[in-house]
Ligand SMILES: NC(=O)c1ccc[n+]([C@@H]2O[C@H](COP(=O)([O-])OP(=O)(O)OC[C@H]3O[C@@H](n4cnc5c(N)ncnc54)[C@H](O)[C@@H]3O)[C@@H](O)[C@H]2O)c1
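Consider the single chain below, provided in structure tokens and representing the form predicted alone.
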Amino acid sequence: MDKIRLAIVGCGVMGNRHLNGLIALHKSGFSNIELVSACDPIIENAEALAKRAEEFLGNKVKPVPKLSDLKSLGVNAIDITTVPWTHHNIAIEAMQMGINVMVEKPMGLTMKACKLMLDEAKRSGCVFSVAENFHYDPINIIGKELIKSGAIGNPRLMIQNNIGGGDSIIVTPWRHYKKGGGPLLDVGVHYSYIVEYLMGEVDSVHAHTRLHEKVRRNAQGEIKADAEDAVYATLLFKNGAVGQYVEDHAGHGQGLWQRSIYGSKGSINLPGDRSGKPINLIIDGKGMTKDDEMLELITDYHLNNITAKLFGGERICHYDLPFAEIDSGLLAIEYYDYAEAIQNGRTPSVDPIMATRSVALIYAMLESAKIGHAVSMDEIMNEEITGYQDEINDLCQW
């Protein structure tokens, strides 16, 4: 089967990070993608990524400044690694050209942006995927299989807590501005995706938000933040379970990470994403479960071939790899899945509806905090409540 002809659109830090994933895919022996172009309006960025790609992938990569340049190169798929407020315009333009699209998370800056992309994907028939790398982490896959197996009985409570950061700038300043979506969306969309991946759909949300640190600092200086940096929420799931969600990027003192699920027969405690650390499974009357005992509970659990190759086996319970290798490995699997979806005409593993819901869950929290009462996910998905997002849409002048 012919390889997918890909262009990376956006050749800055994220574009080069994704290139690491393509390099890992190339080295794995499972490559189903050929990178043929690097696209960036700052042509020097495109040229630099293309040069680096040629060095590691061994084929010519054409740097171009415009999306419209890609069609003549035979590109049939792009990977959008630009800033979030540009995602929808680039994705829609590409799909109108008949080019398949994968876009970095968050899928869109607001629900309006997500819906515009969903509508164009439906109209064009293009494959549309979202780069949610946490989906492919073997540890999260094991967690989902354990819940499905009934190992802890019926899930009753999920706790997803992350506290830390103080007044530091998170990577780049734009993540602290509403026009960029703020840290609750940019970081939290990973967590909101995994919440529903593990527990099923959320029905309603009641939340409180804060902007604790109005001034953020790094070695280059300081900025004035205007996007909330903390949310404290209660989630109600359609299956009757309850969720506690804390995402606080202004925490001082002792940091906190927790992803725990309590059921009618036991509990699961999952480690941080991309850590490879083992899951703690405790079942009533049995105590802490050993690896072989855990595997006996999930007989259907088998990682696909590329994941097994990159992470050390098809039925691993944990892995111990350098972070750079973990990160590039998950991106490689993400690319492989995207290309295979195009080749076989199937929905990608991270489909745009799931990715839209992960954006919606963050906005459910922000909208709930703004109006002071619970909101339903249906109200957010259907854009019936948009007060918080209206300001962002106005700032972006869509």
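Source: prediction; values computed, not measured. Just count from 1 along the sequence shown to find any residue number.
Missing here is the form predicted together with this ligand; even so, the following discussion is about that form.
This ligand is not shown here, but in the predicted complex it comes within 4.5 Å of a heavy atom of Val83. Shown alone here, Met14 lies within 4.5 Å of this ligand in the predicted complex, counting heavy atoms only.
In the predicted complex, this ligand lies within 4.5 Å of some heavy atom of Ile42. Thr307 falls outside the set of residues with a heavy atom inside 4.5 Å of this ligand in the predicted complex.
Taken together, the three residues Gly181, Tyr232 and Ser376 all stay farther than 4.5 Å from this ligand in the predicted complex, as judged by their closest heavy atom. Listed residues Lys144, Arg274, His318, His206 were compared with this ligand in the predicted complex; Arg274 is the one with a heavy atom within 4.5 Å. The single contact residue among Ile159, Leu236, Ile298, Ile90, judged by any heavy atom lying within 4.5 Å of this ligand in the predicted complex, is Ile90. Residues within 4.5 angstroms of this ligand in the predicted complex, judged by any non-hydrogen atom, belong to 185 to 193 and to none of the other stretches in 121 to 129, 185 to 193, 94 to 102, 211 to 219.
Along 151 to 181, a non-hydrogen atom within 4.5 Å of this ligand in the predicted complex is carried by Trp174, Arg175, in order along the sequence.
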